[in-house]
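Heads up, the chain below is alone and in the form predicted on its own; it's given as structure tokens.
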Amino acid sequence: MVIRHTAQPSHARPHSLQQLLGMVDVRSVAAFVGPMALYTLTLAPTIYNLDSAELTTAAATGGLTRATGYPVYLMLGWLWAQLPVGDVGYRMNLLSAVGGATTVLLADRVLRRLGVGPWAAFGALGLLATAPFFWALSLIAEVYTLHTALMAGIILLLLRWREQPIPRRLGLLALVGGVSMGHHLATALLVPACLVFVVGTAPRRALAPRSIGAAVAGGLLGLSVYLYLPLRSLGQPAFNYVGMYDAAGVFSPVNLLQPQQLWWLITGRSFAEQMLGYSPAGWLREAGAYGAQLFRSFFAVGVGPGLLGVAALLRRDRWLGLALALMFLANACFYIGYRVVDKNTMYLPTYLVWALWAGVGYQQLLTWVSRDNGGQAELRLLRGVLTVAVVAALGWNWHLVSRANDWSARERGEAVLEVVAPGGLVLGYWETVPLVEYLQLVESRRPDITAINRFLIRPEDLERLIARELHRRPVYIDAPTAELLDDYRIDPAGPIYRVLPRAHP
């Protein structure tokens, strides 16, 4: 038998350019590419300071960072740091940009399932993407935008469970929840909302033995990422912020092979005093400050639609409305009562929920306007208002948050290396020591210097260490205390100070 092959006519060939373009989900592409382009244009070009420098150095060197450990970020960050683009600091900043853009993309997928059209989604998510703190934390190495991306994924999986409440989907939800908790323990604040939604939407399916088994198995598998911390500690990493220095400058790491010590790290017990750290009057004052921040973050115009979205969801989608309200309140109340100086950066989960509410509220407004047959002009006007609000927020916040030309952290770190004498000891806080350690451990510069973060040594041990080392090698400090000023001569040395014996007559 002879089989003849005949060529298909060109019009019958699959996957033509037109067909491929038709397969592209333009809305999803725009939801990711738009924020990603914005964040790339304004991204910090190199290492940034404070926690960002610590996280960058820990991830890039396979090190360990302080509570709550962040094993998912450390593992993903180590892989991400291998990208052949920019320096390692820039690469880790880029990871946050991807987290921010992914948050917007997944939030848009949630809004689609809620019947929110592209105009309403653009109005709400455009304000989220350009909100000052959300935008700023998409430009530097931090854990928050990856946290919101995982949170948006959890909300999306909750909706998928409702569409088809089968054990496999509940297991996947628990798996992602476990991984998310392994990235940021604040995911625990979402658990009550998830339980309410899962049981409320399909109680018999949720409480079936197979579903419970799938949830337990998925959750345990996700939480297994925490095993990275004790396993990595066995390698005695060069960068380790899980432990303390003594008066001799010897670092004693916490033994993460002991379950109670591992639990101490991942539950953030070192910050226990900061939790619930306000009196009732102080809490109300902080709540007012948060309300003002939320008002500014959504450029005022997103506040009313957000409130409308709350009411609309509670009325027409009770379980989702209740779940989102619980997520919002749990995160807002916890961080309002968290007594730390940088907590303004920690409210991003509440911004995500508010953006979803605003999307629903905008859609409600658009629907009301379009019901009127003669309301085309009003509809175009409302769409114009949505667009102008996002563009105005973009223009207003650009110069407030852009880090495109911010080399200050690298310049400070390099300035410290320039002034420290060979074999010197540098004692400093977050704006100094993590930068020095980054240049040492990631870029292999000045290995002769010893750098100790003052967060990891008790004040009395710091004083003993200075007295011990002063006659052995050059000693530098970044913020001399009143006691040091009384006991020693403190001479400026670039961005830090050199500690010298006080001359006595």
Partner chain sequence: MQTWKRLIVALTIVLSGLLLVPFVALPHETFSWRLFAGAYGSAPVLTVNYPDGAPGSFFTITGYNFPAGQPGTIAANGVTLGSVNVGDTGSFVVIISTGDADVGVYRITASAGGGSASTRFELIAGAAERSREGDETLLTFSLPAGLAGQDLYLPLLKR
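Positions refer to the first chain, counted from 1. All values reported here derive from a predicted model rather than from experimental measurement.
Although it is not shown, the form predicted together with its partner chain is what the next lines describe.
In the model of the complex, none of the heavy atoms of residue 467 sits within 4.5 Å of a heavy atom of its partner chain.
Its partner chain in the model of the complex is approached by residue 397, whose closest heavy atom lies within 4.5 angstroms of it.
Among residues of the shown chain, residue 382 is one whose heavy atoms approach its partner chain to within 4.5 Å in the model of the complex. Residue 341 belongs to the set of residues with a heavy atom inside 4.5 Å of its partner chain in the model of the complex. Only one of 244, 365, 199, 322 comes within 4.5 Å of its partner chain in the model of the complex through a heavy atom, and that residue is 365. None of 232, 403, 184, 91 but one reaches within 4.5 angstroms of its partner chain in the model of the complex through a heavy atom, and that residue is 403.
Just one listed stretch, out of 417-425, 202-210, 357-365, 82-90, contacts its partner chain in the model of the complex at the 4.5 Å heavy atom level, and that stretch is 357-365. Using a 4.5 angstroms heavy atom cutoff to its partner chain in the model of the complex, all of 136, 409 and 479 count as contacting. Residues 429, 430, 431 are the members of 425-447 with a non-hydrogen atom no more than 4.5 angstroms from its partner chain in the model of the complex.
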